[in-house]
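First, one chain by itself: the form predicted on its own, in structure tokens.
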């Protein structure tokens, strides 16, 4: 009986946006994220000679070939490393809305890397697991680790992986405002590619990242939540600005996203430490003190429904479930 493996999602505070190598998923810049406890994926893998093709059962439903393609890259690498030829059955339960800017692919592909290598009898280091997860989904490389992690861009398969930065065992949390959990119109992968290829703003974004990253690492080291929040909010806004210059232009924001951003600015006027970040989707994540989570939730419930507000604390790295 193969074991179940759990990986939590992570939210990037210094964003990954753009690939240097599409095939290997080598990014154009380093990124830094916080792994969270509220959203996660549980996965189990069985290699079975009786199977004629790989199959993926996600939340009880068999998935199509397109969804399977990301997964097969990871399975093929595991088969190569373990000298296996058997096809695999993957069972996965997502405790994250899929493809709505809530990093379901990060937890999903990290859990797959752990479960598939475990089922194949491989004993991989965290660094090797991070590389394995990366070839399925770039951000998944960071979900191998709990707390803050940095994905080092590298230049080839062996040099591109995440490393732990800080365990985040201090007064930091995140509050999600879910304005829309539907599948988005432009996937991260497509949006990223279009922006890199066509947006005149992209180079400006790229050139500002080293400064953002070193400032963020200093702020995390100092446990300075004001600085963490300010740097993350500006970094996210710069990333989203690049999409408006793409051809054709696009945005992940909705009217509700704008309303949520304004609500965060209003919280600051009330004296709270509250800064937003957004990924390739309409939902807004508030970086705040963990000790303020319930007060912020109460304040925001005047504007948003309780079901739209999800509090999260720093989460653990990849682990086996008993």
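Computed from a prediction, not measured in an experiment: that's the story for all the values here. Positions refer to the first chain, counted from 1.
The same protein has a further form, the form predicted together with a small molecule, not shown here; the description that follows concerns it.
This chain is drawn without the small molecule; in the model of the complex, the residue among 195, 160, 117, 105 with a heavy atom within 4.5 Å of it is 105.
Of the listed positions (175, 232, 239, 75), a single one reaches within 4.5 angstroms of the small molecule by any non-hydrogen atom in the model of the complex, namely 239.
None of 47-55, 260-268, 291-299, 273-281 except one has non-hydrogen atoms within 4.5 angstroms of the small molecule in the model of the complex; the exception is 273-281. The shortest heavy atom separation between residue 25 and the small molecule in the model of the complex is within 4.5 Å.
Although the partner is absent here, residue 188 lies within 4.5 Å of the small molecule in the model of the complex, judged by heavy atoms. Contact annotation: residue 130 falls outside 4.5 Å of the small molecule in the model of the complex, judged by heavy atom distances. Interface residue remark: residue 146 is not counted as part of the site for the small molecule in the model of the complex, having no heavy atom within 4.5 Å.
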